[in-house]
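Next up: a single chain in structure tokens, the form predicted alone.
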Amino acid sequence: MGPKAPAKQPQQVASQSIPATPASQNALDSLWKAYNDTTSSRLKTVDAFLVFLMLSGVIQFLYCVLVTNFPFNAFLAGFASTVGQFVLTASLRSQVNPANRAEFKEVSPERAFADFAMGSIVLHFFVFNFLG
């Protein structure tokens, strides 16, 4: 047998983290400032509820994937409830947004909320019945 070839040394790869550039940070700051300045407190409340619903759906899905989905109909009911409520809330937000007043001339904010409440009751009735 001949002489051994020298073992290859593993190459060190420098980890590169992408720092926030001043331009992207500036854009996010101006977006946040414009949102805070131009959005009413009612719409901010609706937006906070939308974020909660989205996080709730993500947590339910991750729990189903990572832990268990044993009562699968319970997962389906909970996830469908979250998605359905998100859709109803997004619809409410678009109807009560003053920027969309031309689109929803016939719908008052009170009527939009009544539709939202009735749709939520019907949604949760079906979800409750799906649980068994």
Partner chain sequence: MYSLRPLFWLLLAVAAVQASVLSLQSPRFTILSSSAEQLRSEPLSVTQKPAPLTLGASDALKLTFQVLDKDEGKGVQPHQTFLRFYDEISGEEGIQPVRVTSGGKAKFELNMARPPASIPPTSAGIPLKVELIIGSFVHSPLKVELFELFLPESHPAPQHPDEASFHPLPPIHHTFRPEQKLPPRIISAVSAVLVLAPWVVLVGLWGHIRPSVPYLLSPSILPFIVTLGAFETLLVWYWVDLKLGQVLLYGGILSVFAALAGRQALATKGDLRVGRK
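These figures come from a predicted structure and were not determined experimentally. Numbering follows the first chain given and starts at 1.
As for the form predicted in complex with the partner chain, it is not shown, yet the points below apply to it.
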The unique member of 100, 26, 68, 91 whose heavy atoms fall within 4.5 Å of the partner chain in the predicted bound form: 68
Contact label in the predicted bound form: residue 48 to the partner chain, heavy atom within 4.5 Å: yes
4.5 Å heavy atom contact, residue 41 and the partner chain in the predicted bound form: yes
Heavy atom of residue 59 within 4.5 Å of the partner chain in the predicted bound form: yes
Touches the partner chain in the predicted bound form: residue 104 (any heavy atom, 4.5 Å): no
Residues within 4.5 Å of the partner chain in the predicted bound form, restricted to 105-120 and counted by heavy atom: 108, 109, 110, 113, 114, 117
